[in-house]
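Shown here is one chain on its own, the form predicted alone, set out as structure tokens.
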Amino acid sequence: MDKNKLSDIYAKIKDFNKIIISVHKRPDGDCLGSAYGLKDIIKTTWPNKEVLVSAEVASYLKFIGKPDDIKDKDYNGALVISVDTAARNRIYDQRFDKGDMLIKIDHHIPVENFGDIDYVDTGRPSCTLIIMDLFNEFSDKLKMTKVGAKALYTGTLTDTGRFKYSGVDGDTFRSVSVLFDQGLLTKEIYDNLDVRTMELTKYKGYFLQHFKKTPNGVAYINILPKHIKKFKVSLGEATSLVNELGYFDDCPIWILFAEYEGKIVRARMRSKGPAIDKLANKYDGGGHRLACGANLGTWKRSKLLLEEADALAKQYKEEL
């Protein structure tokens, strides 16, 4: 934890009367949890400040907050805070540089510095925990409601795989415990995250019957528009099943390939041991050592990525 930078961030938040919180494209629980949690902290502490969240809607996360309709003029005189985003081209709202100042708060392996203040803590398994670091560091000054606690807990829960992933430690649970002191009630969170539509349940059956494995144990599946149409699920719902490929004891790496609008292909990559972040970087992606994504563009590049992932899995098994 860099207490000096946290102090700088606190001071800037205190100074600005208008704050826009920005997240990455195709938002997940961590970036939205960080954004809505931070918004609640600022608005609860300083009710007269204008705090806006610029984000896409993720239907399964509607219960933690709603993005704001932000006009170009809203950026005039604003402090912009980017959360959970490693590179500027991943920011959803590309007007982020129109404000008076930009702060980057992230926990991914650094790709580029783009803020006037860059706070990156790769030791935190979720960005929400960095927001909690800020709250706890200035607990005598900052306030939070159970709404913010709900958002921060949701983001932590989803990005840590319900506290299963590497990086979870005692500090993780000490930070989470503070949320309960702010009135956190978890039933609504689990009620929303644990439901699955009939359509997605049927698609999951198809998913588990049609994945493949490379010679050295990379489990993978290709998600095509025709599958989405046939099972009447959203692409977000389909790609949320990525960790269903992680239960096989002979598969150290698993990858979900999906075709997005414009026939653009992207990959979600996961690992039980081999570091895959550098491989993702080669394919215009990035993230964490064991969980990251890649922007492939074409299905041809997906085959190249799969070949390199297979070689990585082979090397890993030989070194065991």
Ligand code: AMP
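Note that residue numbering follows the sequence shown and begins at 1. These numbers were taken from a predicted model, which means no experiment stands behind them.
Form predicted in complex with the named molecule: not shown, discussed below.
- Contact between Gly287 and the named molecule in the predicted bound form is found at the 4.5 Å heavy atom cutoff.
- Taking non-hydrogen atoms only, Asn295 approaches the named molecule to within 4.5 angstroms in the predicted bound form.
- Contact annotation for Arg90: at least one heavy atom lies within 4.5 Å of the named molecule in the predicted bound form.
- At the 4.5 Å threshold, heavy atoms of Ile253 stay clear of the named molecule in the predicted bound form, well away from it.
- Note on contacts: among Ile64, Val51, Ala55, Ala291, the single residue with a heavy atom within 4.5 Å of the named molecule in the predicted bound form is Ala291.
- With the partner removed from view, the residue among Lys204, His108, Lys146, Lys213 that has a non-hydrogen atom within 4.5 Å of the named molecule in the predicted bound form turns out to be His108.
- In the predicted bound form, Arg268 is the single residue of 239-268 with at least one heavy atom within 4.5 Å of the named molecule.
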